[in-house]
Ligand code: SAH
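Before any questions on how it binds or moves, here is one chain, the form predicted on its own, in structure tokens.
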Amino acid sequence: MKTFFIETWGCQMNELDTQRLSGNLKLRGYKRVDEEANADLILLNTCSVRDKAEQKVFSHLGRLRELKRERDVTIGVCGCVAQQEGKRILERAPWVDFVMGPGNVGHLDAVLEEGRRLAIDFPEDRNYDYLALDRTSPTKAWITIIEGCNKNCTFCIVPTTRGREVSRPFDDVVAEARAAVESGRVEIELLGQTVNAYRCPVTGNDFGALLGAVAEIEGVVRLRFTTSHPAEVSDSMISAMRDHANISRYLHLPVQSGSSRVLRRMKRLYTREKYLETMARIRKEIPDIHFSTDIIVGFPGETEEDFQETLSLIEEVGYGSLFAFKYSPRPGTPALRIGAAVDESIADDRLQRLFALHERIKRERLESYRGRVVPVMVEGPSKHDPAMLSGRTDDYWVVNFHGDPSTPLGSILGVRIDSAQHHTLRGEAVA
């Protein structure tokens, strides 16, 4: 029996692509192994969002060159770095057998059978076979509803690596969600680079309509989605979240900067004021919602005044969770023509000040749960203490708690919160 190994970097979309690749290979009679040294086929499923992603991939390929010399093994580079670098990978690492971008994940059969060395086009037929998915979680199913992005933010390489927006048919998504529930999954997470830009290519149904339809499938205990774009938040999306209790009270809404001047240079399609207005609309309908966000520090031309506006926005919104990064120049993006990034020492200082502010806000948010009993979905043993269980609240906080170890995964338990840790809550299951 042939064997395969997949190394995965990046976001949930990449993780889901790996599930698609793995499922396809298992249908072809391959067996998945945990060590590269034991594999007949090695796939690197890569991510290009952060700086130096290419170096990381080529460094890994350098190590695989030695393995290739020792025995017959097929090596494929997949994902966003594959799409970004394309033929250059084959030129720099000629021992690589094929390079395949995200648009061809559903065509792995053809790539292998035809011996194609370069597959970085975006076929009209994406060949999305959800029945072949090798889902790794017994309780949760990721479902892609839209691929690519049309936004063209000046710092972002996604439109290049993932292509333009392509939404899946409404009925296909609903059918996949039903199949996931029938297989025992109780939590559904809808995925897309700009998930709330979804529009059915057949009926024209928007994201809000799809949210409502999936939420109403019997057996869907929790429904989540990521990543949303602030400019695509619609009344139908907000209404669906408000009207369906099983849609998580958690929304990741990347702002990137609190300065309208920087947002304009980023081509984010909204101002600071418009973003705050959108947040207010959501909070009016869903008062208990937990917001998280992404922020880029040190974007070309960002002044101290711009950065202070970012800090004040963080304070005003009160994000429970926040992901912040120094600006990373990406090849081919318009931001390269805007100007140089902020001096690295200044960007480092700003990033640390931002984290310090958010740490206080997050701590206050976590402490507010002390003494409360909250519903928690059981996901398994705690990573740090196997004697405890772990799960997430409806608004996405991780809770480690004492409870019956025989509790079935996917169950919802009431947990009394006794303390707040650095990023998590701690408590005990109650009747």
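This structure is a prediction, so every number in the text was calculated from the model and none was measured. One rule holds for the numbers: they count along the sequence shown, beginning at 1.
Another form exists, predicted in complex with the named molecule; not displayed. Remarks below refer to it.
S.K.: Where, among 288-296, 127-135, 339-347, 311-319, do residues come within 4.5 Å of the named molecule in the predicted complex by heavy atom distance?
M.R.: Checking each option against the 4.5 Å cut-off leaves 288-296.
S.K.: Can any non-hydrogen atom of Arg272 be found within 4.5 angstroms of the named molecule in the predicted complex?
M.R.: Arg272: no, not in contact with the named molecule in the predicted complex.
S.K.: Please tell me whether any heavy atom belonging to Phe170 falls inside 4.5 Å of a heavy atom of the named molecule, as the geometry stands in the predicted complex.
M.R.: Phe170: no contact with the named molecule in the predicted complex.
S.K.: May I ask you to state whether Arg330 is within 4.5 Å of the named molecule in the predicted complex, using heavy atom distances?
M.R.: It does: once the named molecule is placed as it appears in the predicted complex, Arg330 has a heavy atom within 4.5 Å of it.
S.K.: Heavy atoms within 4.5 Å of the named molecule in the predicted complex: does Pro254 have any?
M.R.: Taking the distances in the predicted complex, the answer for Pro254 is yes, it comes within 4.5 Å of the named molecule.
S.K.: Considering Cys156, Ala197, Leu190, Val220, which brings a non-hydrogen atom within 4.5 Å of the named molecule in the predicted complex?
M.R.: So the residue touching the named molecule in the predicted complex, by this definition, is Cys156.
S.K.: State the residue from Val49, Val378, Leu366, Leu61 whose non-hydrogen atoms include one within 4.5 Å of the named molecule in the predicted complex.
M.R.: Selected option: Val49.
S.K.: Within 13-31, which residues come within 4.5 Å of the named molecule in the predicted complex, counting heavy atoms only?
M.R.: Sequence-ordered list has one entry, Met13.
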